[in-house]
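Let's start with one chain on its own, the form predicted alone, as structure tokens.
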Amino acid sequence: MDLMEKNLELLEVQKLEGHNDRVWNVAWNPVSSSPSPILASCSGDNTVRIWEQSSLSRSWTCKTVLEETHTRTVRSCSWSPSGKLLASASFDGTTGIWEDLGDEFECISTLEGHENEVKSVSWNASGSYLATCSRDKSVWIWEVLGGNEYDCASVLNGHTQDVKMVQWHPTMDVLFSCSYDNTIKVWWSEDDDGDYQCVQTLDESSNGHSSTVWAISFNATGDKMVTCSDDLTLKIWMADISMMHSGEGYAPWTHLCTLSGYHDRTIFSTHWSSDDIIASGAGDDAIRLFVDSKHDSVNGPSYNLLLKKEKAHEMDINSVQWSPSKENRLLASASDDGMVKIWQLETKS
């Protein structure tokens, strides 16, 4: 199916109001797809909100507010693969772990160690590790021990500035981080002893970004990665991950193509959907969607702008996230305007 040939539009399904400060991040629960998807959002109001869509009315409501744990902005939130735990990273220097008890969420653990603001948190594919990063320039890997215990397994120093995001690879225990130092670093433990080392740095010399790198996302198979930056570009990277899966050592990431000329303000967020659509959220209040052109140019593979949703929010868009479910093509966005919005990609009637 060629998406470019379809007449698609991004329709606003609902505006989720409740936060009373900017909303930094949204995260879909990975196991709660239809009929009742669940979304978490976190904000400068020091809270996390859990939103649920009613299977009957299809309208979204705030199911619960996670508060009184963080004393400053909650910058990032991430669900464990089981969908039972939610991690929240805060400017108060801590990461909270919340358990879904069915009718309420309880903070079962608080991870402390970073010197200052925690900017991002990410679970690995099996839920056995958690990664956090901070303005203190470090990346921490926490081992999930069970019994609500979390042990710091590694402190990774390599970035020279504020680390904006951490993201585990979707199929392997390889960790990626991006930073105000304009680089993306790849961390891997060659043996299964958990001794993580920086095995690759993607910087300007490797066709990388020339300014702050804000976000990282992978396609469904994990052989491609998209990154976004203050340099107004999206970059697509690829690696031969089958080589790593077969135990032949580290497979390096190489630059595939750069999407430039589409944005004129900082790109704060990018996310790759399970059916291969890349979304971006930027400082010009717009959401853009890109797809593989399927026609390689002289310069190699290329991606086309599928659509641009102008004035998606009234202020900067900090986060765009596709729902894990393929059937309904829902996208959530979060903005400095204090709003979370749910969008649906559909064919124009």
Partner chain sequence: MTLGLINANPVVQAKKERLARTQDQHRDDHDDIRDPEHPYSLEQLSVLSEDSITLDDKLNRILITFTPTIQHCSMATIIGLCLRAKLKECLPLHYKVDIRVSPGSHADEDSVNKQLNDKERVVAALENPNLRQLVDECICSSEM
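Numbering follows the first chain given and starts at 1. Please read all numbers here as calculations on a predicted model, not as lab measurements.
This next part talks about the form predicted in complex with the partner chain, which is not shown.
Undergrad: May I ask you to choose, among 182, 269, 217, 94, the residue with a heavy atom within 4.5 Å of the partner chain in the model of the complex?
TA: None of the others qualify; the residue that does is 182.
Undergrad: Identify which of 224, 75, 159, 235 has a heavy atom within 4.5 Å of the partner chain in the model of the complex; exactly one of them does.
TA: Contact check passes for 75.
Undergrad: Can you check whether residue 284 is within 4.5 Å of the partner chain in the model of the complex, heavy atom basis?
TA: Yes, residue 284 lies within 4.5 Å of the partner chain in the model of the complex.
Undergrad: Within a 4.5 Å heavy atom cut-off, is residue 329 in contact with the partner chain in the model of the complex?
TA: Residue 329 lies outside the contact set for the partner chain.
Undergrad: Indicate whether residue 128 is a 4.5 Å heavy atom neighbour of the partner chain in the model of the complex.
TA: Looking in the model of the complex, residue contacts with the partner chain do not include residue 128, since no heavy atom lies within 4.5 Å.
Undergrad: Although the partner chain is absent from this view, report whether residue 314 comes within 4.5 Å of it in the model of the complex, heavy atoms only.
TA: Residue-level check for residue 314: yes, a contact with the partner chain.
Undergrad: Counting only heavy atoms and a 4.5 Å cut-off, does the partner chain in the model of the complex sit next to every one of 24, 265 and 318?
TA: Checking in the model of the complex: 24, 265 and 318 are all within 4.5 Å of the partner chain.
Undergrad: The chain here is shown without the partner chain. Which stretch in 167 to 175, 190 to 198, 225 to 233, 140 to 148 comes within 4.5 angstroms of it in the model of the complex, by heavy atom distance?
TA: It is the stretch 225 to 233.
Undergrad: Are there residues in 110 to 139 with a heavy atom within 4.5 Å of the partner chain in the model of the complex, and which are they, in order?
TA: Result: 117, 119, 135.
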